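For reference, the chain that follows is the form predicted on its own, supplied as structure tokens.
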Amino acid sequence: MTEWDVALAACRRFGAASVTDLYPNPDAAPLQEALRALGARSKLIAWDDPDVDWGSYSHVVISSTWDSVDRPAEYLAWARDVAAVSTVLNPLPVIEWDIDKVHLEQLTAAGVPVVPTSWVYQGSRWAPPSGGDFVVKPSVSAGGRETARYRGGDPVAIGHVHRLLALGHTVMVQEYISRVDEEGETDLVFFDGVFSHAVQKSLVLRRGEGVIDRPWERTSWGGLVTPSPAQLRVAAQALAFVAEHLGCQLPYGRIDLVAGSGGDPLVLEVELIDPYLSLDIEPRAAKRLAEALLRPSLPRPQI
């Protein structure tokens, strides 16, 4: 093993695919080039490849393990095993905390403005809210999996909630933020807690469409944007809470914001496990990320 042998943990293109047939990750090539410029070797590897010796790598970066939410218990067991033999980034406590979106309750309690969310736990009684549109999804989910938008009071949502509960999920019911239809989301990317760049994102949830297959492939990015001071403040507040709460440095993170009815930013997602970081859109970002990943072992600048 060289001083820096970095494994970029990825996922297979589909469940039965070969461990060498990986789901495309636009961040991978820019990051590998930036790591190479710092003298590090790197390799994309399926996280569930049974033949990998993870201890042979100095760092294991959780890069695109996007099927983790389909089998979270297996994934967390893998992450714990890897953390015992290598440096996992983001660190294991972050992975354990971020995989279940019930953490939004903690952010709300800490005063971070979050999209209004209610929670349906096993054994709970639930009726659809009667106001505006709302969204139903499991708390362990990503990319729009098992997510659907409903009109206020729609009884069809009851079946969706009961099905998720029967599968063992905690269910999130979120107010649908109508401004998303015109403005989309703003994703703010941070490295080592420092703002790097922001992109505009659109993921269309159509009322009455129900759960769709592979919804993440409907997502589109509109390019770089300049966040407002309020957006920067809310995103930084969310990241600072996580870092303090978990006692961990966060080499990378993405905070997804939407605008509430009054225009104020609200946190929709805290993406700290394997978010797309738009390194292919912001050409300077890959260097920043590579430095953040290797910073503890990089030579200190001469004074």
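In case it trips you up, residue 1 is the first one in the sequence shown, and so on. For clarity, every value in this text was computed on a predicted model and none was experimentally measured.
This next part talks about the form predicted in complex with a small molecule, which is not shown.
This chain appears without its partner; in the predicted complex, the one residue of Glu175, Asp100, Asp154, Asp192 with a heavy atom within 4.5 Å of the small molecule is Glu175. Shown without its partner, this chain lists Leu165, Ala83, Val112, Val135 as candidates; in the predicted complex, only Val135 has a non-hydrogen atom within 4.5 angstroms of the small molecule.
The closest non-hydrogen atom of Asp48 lies beyond 4.5 Å of the small molecule in the predicted complex. The small molecule in the predicted complex comes within 4.5 Å of a heavy atom belonging to Arg145. At a distance threshold of 4.5 angstroms between non-hydrogen atoms, Leu205 is in contact with the small molecule in the predicted complex. Contact annotation for Val180: at least one heavy atom lies within 4.5 Å of the small molecule in the predicted complex.
Looking at 88-96, 225-233, 136-144, 123-131, the stretch with residues near the small molecule in the predicted complex, meaning non-hydrogen atoms within 4.5 angstroms, turns out to be 136-144.
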